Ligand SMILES: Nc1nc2c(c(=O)[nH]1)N[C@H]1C(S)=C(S)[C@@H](COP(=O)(O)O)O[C@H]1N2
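Given next, in structure tokens, is a single chain: the form predicted alone.
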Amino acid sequence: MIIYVMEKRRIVSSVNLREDRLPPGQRWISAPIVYDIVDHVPQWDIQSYRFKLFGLVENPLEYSYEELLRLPSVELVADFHCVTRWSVKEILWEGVQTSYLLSLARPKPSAKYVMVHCLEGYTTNLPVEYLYEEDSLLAYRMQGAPIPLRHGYPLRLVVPKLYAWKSAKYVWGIELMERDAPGFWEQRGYNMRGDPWKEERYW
């Protein structure tokens, strides 16, 4: 898998992450299939929306949507792998690298895990080290346009090294924690990490 990261203000080198681009048990399809835990996704009130990075950090962050758009941004081209055995090649995302946000928040040494909180009630957990990866970001644009509502507007976490259920939609918060805890699907039998190349689908 080759992931290209292109910064708006400086060029970040392309990174050849893996030769086995398609994880085992996956097949390519042309476009991502939409899944939600609710039947109806409302039009979120963007004026009252706030993104928060909190928990075990020295400097908790809070941004309005407009403030997020003014932060340094990158474009990312990455493959997308769903636990239901389909993958999509080279989706273009734009947003803020999670490593940049962590540099501002200054996680405490005890912060080892993350819980991602979403507007419709969804949660998912992951080790904090994935947020330090160059190709992990909070995206607000997809394929050159604002992210469509059903694909995660206003903000989607994108973590290409993990199955797509970790790339949570409608994100409002990232909580740093000392101990791992299961999110929505993890409570229902999904793997606590979700590495596609190790087929970490379910327990």
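Treat the numbers as computed from the prediction; the structure is a model and nothing was measured. Each residue number is its position in the shown sequence, starting from 1.
Omitted here: the form predicted in complex with this ligand. The next part is about that form.
Using a 4.5 Å cutoff between non-hydrogen atoms, residue 159 does not count as a contact of this ligand in the predicted bound form. Of the heavy atoms in residue 115, none are within 4.5 Å of this ligand in the predicted bound form. Although the partner is absent here, residue 36 sits close enough that one of its heavy atoms falls within 4.5 Å of this ligand in the predicted bound form. A residue is said to contact a partner when one of its heavy atoms sits within 4.5 Å of a partner heavy atom; residue 100 fails this definition for this ligand in the predicted bound form, lying far away. Annotated contacts: 32, 150 and 168 all touch this ligand in the predicted bound form [non-hydrogen atom within 4.5 angstroms].
Residue heavy atoms within 4.5 Å of this ligand in the predicted bound form occur in exactly one stretch of 103 to 111, 67 to 75, 81 to 89, 126 to 134, and that stretch is 81 to 89. Residues are counted as partner-facing when one of their heavy atoms sits within 4.5 Å of this ligand in the predicted bound form; in 107 to 122 these are 118, 120, 122, in sequence order.
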